[in-house]
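Have a look below at one chain only, the form predicted alone, in structure tokens format.
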Amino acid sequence: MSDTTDVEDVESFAARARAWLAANMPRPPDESRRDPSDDSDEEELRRVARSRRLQRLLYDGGFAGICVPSAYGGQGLTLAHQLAFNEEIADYDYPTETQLPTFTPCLPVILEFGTEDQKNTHIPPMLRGETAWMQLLSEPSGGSDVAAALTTAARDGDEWVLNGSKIWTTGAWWADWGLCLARTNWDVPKHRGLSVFMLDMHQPGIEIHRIEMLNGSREFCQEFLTDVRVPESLRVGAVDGGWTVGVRWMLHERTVLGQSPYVTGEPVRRRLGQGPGGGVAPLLQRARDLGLLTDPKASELIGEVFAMSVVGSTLGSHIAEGIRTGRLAEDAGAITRLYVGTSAVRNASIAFELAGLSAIAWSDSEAELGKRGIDYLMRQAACIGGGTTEMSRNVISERVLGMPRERAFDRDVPFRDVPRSAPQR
């Protein structure tokens, strides 16, 4: 990732970053007890606007795109420099909302597979906070099998015409651009007939529906594409070579939990740690409010959360260092993804248990405890969003441990001949 032999040493870089942050970066707002599902659209847009401003502040200070080549507006430094900066910025505010998936996985996909014109056109606005990107991967009929995409892209001269639907796209309603995986060939096995396109999310033919979750959150969206015209210049990678792009795309998605070269701060960890019911501090306060500090069972549960926090932090650092030094394969990031998902489920269960009966039925004065019940019902989302933990288990077994792949009956069958359920209407 470094594009120069005259690289500033990490210690000097960290000292320079420390001084700049102290002089320029604001402290984070107190959102430790904020439930994002309570936010209005206006409040979410304000957070996004703040995130864009913070990204521009980093850019103007020379700390945006630390591992991005200087030719595209970055700093051309190394993963060690990015991780050092993440340590320094941990106590400051940083652009959480627009980090993911703009800087991982979208930016590295464009860096690896984009043309020079695509990189020069799209990466600098990302670094300046001017554009936010989304990934259009999942489909209503596909589950975790993104290679079974039914969204089609048909060539029409110098353009492609896209039709279909994508789902579970976080923040699509305020996004500027998206990376979209679409099927360009039905006469080959499913992995060989895909292509990737850049989509301007504001163009005609894209209809975005908000999905209301059990906890009231409407961050997820479903997109309906109807005769969306995309210039050939916005195709990323080879025609029918989208799975080659997709494999790296999903690898970068997994690296976000602690070792991405492109993400500033730890936005996923911040959300998990500061979300409702998350972390040791809120549990201690809740136990204090409920008079449970001397209860042995409560102490055991809080101790378990603390232990999981320590293990998670140590594991993330260990995996990041292993990948950085080449001791571990990049796919080892799936280990961190698996741990974060399963520990988040356990944390929500512990918070629910400590809240007691008030997490099942609550009065207005017990609304905060009642949210622990909602969190409990939503807990499995931590194992689904951002790539399921089941897929992480597959990656760990096959690509990290070298175990044999399970048999697939559609591997060498033209995709149009693969039996499918009738499309949902």
Partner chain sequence: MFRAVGDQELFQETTRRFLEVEVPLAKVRDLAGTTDGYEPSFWRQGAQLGWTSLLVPEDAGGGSISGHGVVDLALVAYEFGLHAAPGPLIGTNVVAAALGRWGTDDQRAGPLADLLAGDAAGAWAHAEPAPNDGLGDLALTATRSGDGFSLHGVKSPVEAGRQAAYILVSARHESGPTQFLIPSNAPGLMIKPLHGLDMTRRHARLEFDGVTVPSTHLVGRPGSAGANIDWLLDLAVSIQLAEMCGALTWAFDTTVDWAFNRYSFGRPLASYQELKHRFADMKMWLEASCAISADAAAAMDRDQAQRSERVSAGKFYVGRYGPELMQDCVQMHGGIGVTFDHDLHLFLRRIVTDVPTYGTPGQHAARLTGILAGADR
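Between two forms, the rigid core is the largest collection of C-alphas that superpose within 1.5 Å. Bear in mind that the values here come from a model prediction, so they are computed numbers and not experimental data. Positions refer to the first chain, counted from 1.
FYI, the form predicted in complex with the partner chain isn't displayed, but the following is about it.
J.: Any idea which of 116-124, 101-109, 79-87, 144-152 reaches within 4.5 Å of the partner chain in the model of the complex, heavy atoms considered?
T.: It is 144-152 that comes within 4.5 Å of the partner.
J.: With the partner left out here, if you bring back the partner chain in the model of the complex, are L57, I208 and M250 all within 4.5 Å of it by some heavy atom?
T.: The answer is no; none of L57, I208 and M250 reaches the partner chain.
J.: Spell out, yes or no, whether the shortest heavy atom distance between E42 and the partner chain in the model of the complex is within 4.5 Å.
T.: Residue-level check for E42: no, no contact with the partner chain.
J.: Contact with the partner chain in the model of the complex for R229, defined as at least one heavy atom pair within 4.5 Å: yes or no?
T.: Result no; R229 lies far from the partner chain in the model of the complex.
J.: Using the partner position in the model of the complex, report whether L234 sits within 4.5 Å of the partner chain, counting heavy atoms only.
T.: It does not: once the partner chain is placed as it appears in the model of the complex, L234 has no heavy atom within 4.5 Å of it.
J.: Just to confirm, L357 within 4.5 Å of the partner chain in the model of the complex by heavy atoms?
T.: Answer yes; at least one heavy atom of L357 falls within 4.5 Å of the partner chain in the model of the complex.
J.: Just one of M198, I335, M201, V245 has a heavy atom within 4.5 angstroms of the partner chain in the model of the complex, so which one?
T.: Of the listed residues, the single hit is I335.
J.: Report the residue, out of E219, E321, E159, D93, that has at least one non-hydrogen atom within 4.5 angstroms of the partner chain in the model of the complex.
T.: Contact residue from the list: E321.
J.: Select from 146-172 the residues with a non-hydrogen atom within 4.5 Å of the partner chain in the model of the complex and write them out in sequence order.
T.: Just W168.
J.: Is it true that N120 shifts between the shown form and the other one by 2 Å or more at the Cα, once the core is aligned?
T.: For N120, whose C-alpha is compared between the shown form and the other one after core superposition, the shift is less than 2 Å.
J.: After superposing the rigid core, is the C-alpha displacement of S144 2 Å or more between the shown form and the other one?
T.: No, the C-alpha position differs by under 2 Å between the shown form and the other one.
J.: Is there a C-alpha shift of 2 Å or more at D187 between the shown form and the other one once the rigid core is superposed?
T.: Shift at D187: below 2 Å after core fit.
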